[in-house]
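One chain follows as structure tokens, the form predicted alone.
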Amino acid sequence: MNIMTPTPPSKGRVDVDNFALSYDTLEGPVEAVSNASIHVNPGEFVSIVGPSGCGKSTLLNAVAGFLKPTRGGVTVDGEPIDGPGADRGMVFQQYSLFPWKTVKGNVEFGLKMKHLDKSSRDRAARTLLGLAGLTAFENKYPDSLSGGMKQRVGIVRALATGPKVLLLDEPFGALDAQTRVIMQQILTNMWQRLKISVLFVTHDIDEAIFLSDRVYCMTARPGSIKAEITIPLERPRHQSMMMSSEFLGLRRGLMSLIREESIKAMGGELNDLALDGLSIDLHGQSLADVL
């Protein structure tokens, strides 16, 4: 008996080569990112982590076509990126839904711009809403949805036009901890079904490890790639994995890398006394008395 194996994805290869971006300020030019190189293989889930201000979102926005590099290049399947395109779907931290459209109307918007007929739009929207567990809410308006639901609609809308690559910039950053965990599981389940290439920016180390095949860690500004870490956890992923020794070892390693860069990013603001401040003995006095 022949066993059919899924065909691996062949499209959605992202290459960022020796990327650098500078911008002008009143004090002079500032280099945001310097000589950063990353890649995403077709169908791969890759995350970028690093200290605040290191250029994670800058890299993502360059892949989206919103920013042009000062030096270096950005390609999808070997084609240079000259601006935004339908081959890349983008999801932001802020909910970017049309408030005057229903959930289904939001998802169908991009399909309508591609001039798909109503029957095809309806079928595609219902399929994706079903994957995200939103079928019962298709006729609701965004202001009646929770934050998690709004972000699910945003992800589905980005997927509806069939992009090669899905780009997500801190999509769960505004959600409470429990909703965030549920959204991570929903996203990884959807990705498992669709096998689209994903580039994901986050501050959350646990989130990056749980979702990703590989994680890039960036340095303090000007951001470059400090480390590339392969995540060997088996798929499908489950929340119980986050308590495994393998997961916790990856977490410790990434936390150490990011802590080094976070201290650098703060420059002269931190010293040994500041980092040891919580161990100061007040000898029974209140902080007000000491000050």
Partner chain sequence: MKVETFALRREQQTATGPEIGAETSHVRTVQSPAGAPPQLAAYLRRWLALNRRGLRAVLIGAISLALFLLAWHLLTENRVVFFIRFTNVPSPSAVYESLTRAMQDSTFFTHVVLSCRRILFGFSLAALIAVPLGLVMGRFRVAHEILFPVMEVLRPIPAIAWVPMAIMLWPTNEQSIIYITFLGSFFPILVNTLHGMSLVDPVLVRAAQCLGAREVSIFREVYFPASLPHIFTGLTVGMGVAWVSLIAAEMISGQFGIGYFTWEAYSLVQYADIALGMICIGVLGLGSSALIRGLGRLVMPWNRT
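All values derive from a computational prediction rather than experimental measurement. Residue numbers count along the first chain shown, from 1.
Same protein, other form: the form predicted in complex with the partner chain, not shown, and the subject of what follows.
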{"item": "Among 198-206, 72-80, 112-120, 174-182, the region lying within 4.5 Å of the partner chain in the predicted bound form by heavy atom distance", "value": "112-120"}
{"item": "Complete contact of 61, 92 and 101 with the partner chain in the predicted bound form (any heavy atom, 4.5 Å)", "value": "yes"}
{"item": "Interface membership of residue 189, the partner chain in the predicted bound form, 4.5 Å heavy atom rule", "value": "no"}
{"item": "The partner chain contact in the predicted bound form: residue 96, any heavy atom under 4.5 Å", "value": "yes"}
{"item": "Touches the partner chain in the predicted bound form: residue 221 (any heavy atom, 4.5 Å)", "value": "no"}
{"item": "Partner contact for residue 88 in the predicted bound form: the partner chain, 4.5 angstroms, heavy atom", "value": "yes"}
